[in-house]
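Below you will find one chain, with nothing else, as structure tokens; this is the form predicted alone, and questions on how it binds or moves follow later.
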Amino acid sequence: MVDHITLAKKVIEKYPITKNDFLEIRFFIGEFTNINIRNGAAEQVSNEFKIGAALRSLIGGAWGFSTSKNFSTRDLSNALETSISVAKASISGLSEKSAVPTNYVYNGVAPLKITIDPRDIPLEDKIRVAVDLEKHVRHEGEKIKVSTASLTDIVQREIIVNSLGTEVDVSNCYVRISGSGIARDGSIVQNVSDSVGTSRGWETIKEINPTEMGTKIGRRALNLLSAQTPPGGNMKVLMDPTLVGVFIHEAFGHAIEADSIINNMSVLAGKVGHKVGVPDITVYEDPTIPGLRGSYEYDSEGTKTKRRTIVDKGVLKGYLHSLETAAKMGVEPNGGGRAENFNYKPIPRMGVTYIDKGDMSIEELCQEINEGVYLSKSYGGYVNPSIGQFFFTAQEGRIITKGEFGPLIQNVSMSGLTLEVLSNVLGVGKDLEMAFPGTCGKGQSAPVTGGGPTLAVMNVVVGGSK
């Protein structure tokens, strides 16, 4: 059996480097299952292995990167030499030298913490679950025009060794099942979806009922066909935890990733220590919470993660960092450097981002809104973190009249500016829920979780009829 740490140290030690230089070898060993069913047909069924090593060099302030699909001493040495050569060739063109903090070294092992390993489940059984879910979305009625189900599981191991002395062996498992339905009646089209995702094992799937999940999705899509057209304009909005989770991840979270700050692509640049929301708003980034889809113990640079307080009582406290961005900003690394696999370099990424709970009940929040709309379950949208602008579509909602829930409304949009929303919060619920188990794309994919309590907000632009 390969001793990856001893092998990596042997290769790294062959290359003398100066005090400010840096070498790193990251082994990646992963097994993936992807199943996608659409309208009764399998669009994708795959089970694959992805094995390789990523080798980084920081020489004279310039980065080099290379990969190897083989773990022999010779292949790793050749790849590291290539990485060093790339770095040396890049020095002359530098406008600014890069660095990594030299006083942070991590050593540890984080084994899988799952009950049922998805690698032990036959592919046929996995397909059966996805087929069952999709079938029950579609069978709810002939007005369901598109029905989908997807099931993914990933078991991966990263072994990170660098020239500073970091030696980390970390394993993670991510399982997710989702379904969607598009219902149509004449010109009216309604989109609904739902998903469950964790960093646990196949027990995630054992604990849900695919038949029931698919049936609920199909029924929700059909019910929305006869729902009221949403109102439009600037109004008070009650956002459910699902929508809050998407908002805090997409509209706010990407703006706290330090590479966006350094590249001046974030509305939060230069705002540490400044007020960015009302005093009732506290935001955490905490991948240490067990079992959530975005949870992990060490990042892809071997940095041990921890709970990061991003906003404390309305005041911005910090950003999410890789080793490189931490060095550039003169702060401690905080475990935000994540990579999809060995083909990618670690970059600052979220894990579990959420707004902390308040003390208001749903009834109290409705009274605070008085006249407005309740929006729930995001169906995607658009975000520009450089100016803090967002546009989201909610799958459904309800009219709020005189502080009471009223009729169901159809797919409805909400848009605005991130910092204005956080500054216009009227009340924070006590129903904290980690309601958004997603996959984030930022040039490379990462399992994430977003969450929060129900929020009452004023002056939100709602798209609908006026």
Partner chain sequence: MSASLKIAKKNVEYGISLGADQVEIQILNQKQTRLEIRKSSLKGGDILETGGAGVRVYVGKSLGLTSTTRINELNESVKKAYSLAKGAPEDPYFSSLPIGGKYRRVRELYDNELANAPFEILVKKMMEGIEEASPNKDYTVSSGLNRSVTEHIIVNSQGVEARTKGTIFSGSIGVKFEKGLDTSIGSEPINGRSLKELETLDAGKKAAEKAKARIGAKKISSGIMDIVLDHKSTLGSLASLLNSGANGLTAALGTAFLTGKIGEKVAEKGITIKDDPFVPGGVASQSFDDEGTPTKKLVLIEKGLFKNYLTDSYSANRLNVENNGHGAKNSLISKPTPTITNVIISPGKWNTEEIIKDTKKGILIEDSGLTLQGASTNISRMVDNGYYIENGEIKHPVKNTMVGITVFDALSNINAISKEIVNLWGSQTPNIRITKVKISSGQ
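Positions refer to the first chain, counted from 1. The structure displayed is predicted, hence computed values, not measured ones. If you superpose the two forms and keep the largest set of C-alpha atoms that fall within 1.5 Å, you have the rigid core.
As for the form predicted in complex with the partner chain, it is not shown, yet the points below apply to it.
In short, of 172 to 180, 298 to 306, 359 to 367, 87 to 95 it is 87 to 95 that has heavy atoms within 4.5 Å of the partner chain in the predicted bound form. Of the heavy atoms in M265, some are within 4.5 Å of the partner chain in the predicted bound form. Using a 4.5 angstroms threshold between heavy atoms, K313 stays clear of the partner chain in the predicted bound form. The partner chain in the predicted bound form is not approached by L7, whose heavy atoms all lie more than 4.5 angstroms from it.
Although the partner is absent here, F405 lies well away from the partner chain in the predicted bound form, with no heavy atom inside 4.5 Å.
Taking a 4.5 Å heavy atom cutoff to the partner chain in the predicted bound form, the contact residue among K345, K317, R157, K135 is K345.
V45 is the sole member of I399, V425, L432, V45 with a non-hydrogen atom lying within 4.5 angstroms of the partner chain in the predicted bound form. Counting a residue when any of its non-hydrogen atoms is within 4.5 Å of the partner chain in the predicted bound form, the hits in 213 to 241 run G232, G233, N234. D75: CA moves less than 2 Å between this form and the one not shown after rigid-core fitting.
Superposed on the core, the two forms differ at S187: its CA moves 2 Å or more between this form and the one not shown. Superposition of the core reveals a Cα shift of less than 2 Å for Y296 between this form and the one not shown.
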